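Just the one chain here, the form predicted on its own, laid out as C-alpha cells.
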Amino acid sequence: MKLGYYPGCSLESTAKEYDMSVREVFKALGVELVELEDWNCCGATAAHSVDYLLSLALPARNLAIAGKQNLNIIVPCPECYQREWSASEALAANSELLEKVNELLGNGLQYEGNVEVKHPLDTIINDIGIEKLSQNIVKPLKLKAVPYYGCVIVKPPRKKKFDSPENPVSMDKILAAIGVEVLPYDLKTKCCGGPVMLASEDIMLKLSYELLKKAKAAGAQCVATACPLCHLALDAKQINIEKAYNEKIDMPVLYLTQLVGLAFGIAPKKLGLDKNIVPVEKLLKSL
C-alpha cells in the first residue's frame, strides 16, 4: 500500500515525535508513506473564519499535489485532517466552487476531486486491519490506559465517517490489540481546551485538568491520544496544570503510534519518546 503523507505544520515542529512514530509504525505495517512534495499549511485553524474560498484553496492545493501523483492521503493531525476532508467534500458537491478554487491554484495544479483523505485510525482499522496489526506485535503492552480522541478526529461527522462521533472505539480496538487494558473513560471526546490555549489559558488548564484527573482516578498509567494540540495541552502544559491546581499529576501522555511502536519492538528513541515532556521512563520500565 502506498499513501500520500501530509504531516502538516505541527508534525514538523512541536509534534515531531508524532511524525516519527507514524512513519515508523506504518513502515512496519508495510505501508509506504510518500510525503507530498512542496505541501503547504492547510489553513487550520483560522483561515475558514477569515476567507471561505481561501480556506478551501489551501487544502485543495495539497489535494491537487496528491492527485497529480495518483495518491490518496493520510493526515495524522486532526485539525489538518478536518480541513482536508471538509474541502474535498465541499468541492465534490459544488462544481462551480471547484472551478473557482482551481483558478486560484496556479502553477499547472488542478484538483480533479480524485483524492480520498484518511486519518491513521481509519487506515489501521479499515484498510490494514487488526489481524495484520496483531501479526507485527513482538511485545504486548501490559499497561492500563485511557483513549483520548479529543473533539476533532470524529467531529463534526463527515459523510463517510469511520467511527462514532459520540462514542468512538477505533483507538480502543487498536490499544486492546497491542495488549493494553483499555479503561472506561467517558471524557474521550471532551475538549481539552487546546484551541483557546493562548487566548484563555485558565480555561484550557481547567478542561485539561479534568481530563487528567479522571484518567488518574480510573487507574490509568498513561493517556493515549492522536492529536498534536491535545498532546500539547495534556503533556507540555501538565506542569502548568499542576501549579494551577497545586496537585501532582505525573500522567504520561503518549501518541497512539508511540504505543503501537513499542508493541512492535521499535526502539523508544525512534518513536520520539525522549521528546515527550512528562517523563515516560517509569512507564517504559514497567513494560
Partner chain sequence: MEEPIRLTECDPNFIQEVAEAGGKNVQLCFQCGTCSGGCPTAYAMDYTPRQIIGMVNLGMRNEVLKSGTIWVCSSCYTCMTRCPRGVEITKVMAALKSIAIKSGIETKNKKAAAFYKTFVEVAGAYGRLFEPMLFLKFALKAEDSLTGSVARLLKDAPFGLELTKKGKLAFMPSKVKNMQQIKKIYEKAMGGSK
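This one's a predicted model, so the numbers in the text were calculated from it and none came from an experiment. Residue numbers count along the first chain shown, from 1.
Unshown form predicted in complex with its partner chain; subsequent notes refer to it.
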So which stretch, 173-181, 117-125, 136-144, 156-164, is the one near its partner chain in the predicted complex (non-hydrogen atoms, 4.5 Å)?
156-164
The listed residue (E247, D51, E32, D250) that reaches within 4.5 Å of its partner chain in the predicted complex by any heavy atom is D51
Checking A215, C77, I73, V152 against its partner chain in the predicted complex, the residue with a non-hydrogen atom inside 4.5 angstroms turns out to be V152
Just checking whether E24 would be counted as a contact of its partner chain in the predicted complex - the rule being heavy atoms within 4.5 angstroms.
no
May I ask you to check whether L187 falls inside a 4.5 Å heavy atom distance of its partner chain in the predicted complex?
no
Applying a 4.5 Å heavy atom distance criterion, does P168 contact its partner chain in the predicted complex?
no
4.5 angstroms heavy atom contact with its partner chain in the predicted complex for A57:
yes
Contacts with its partner chain in the predicted complex - residues in 15-37 whose heavy atoms fall within 4.5 Å:
K16, E17
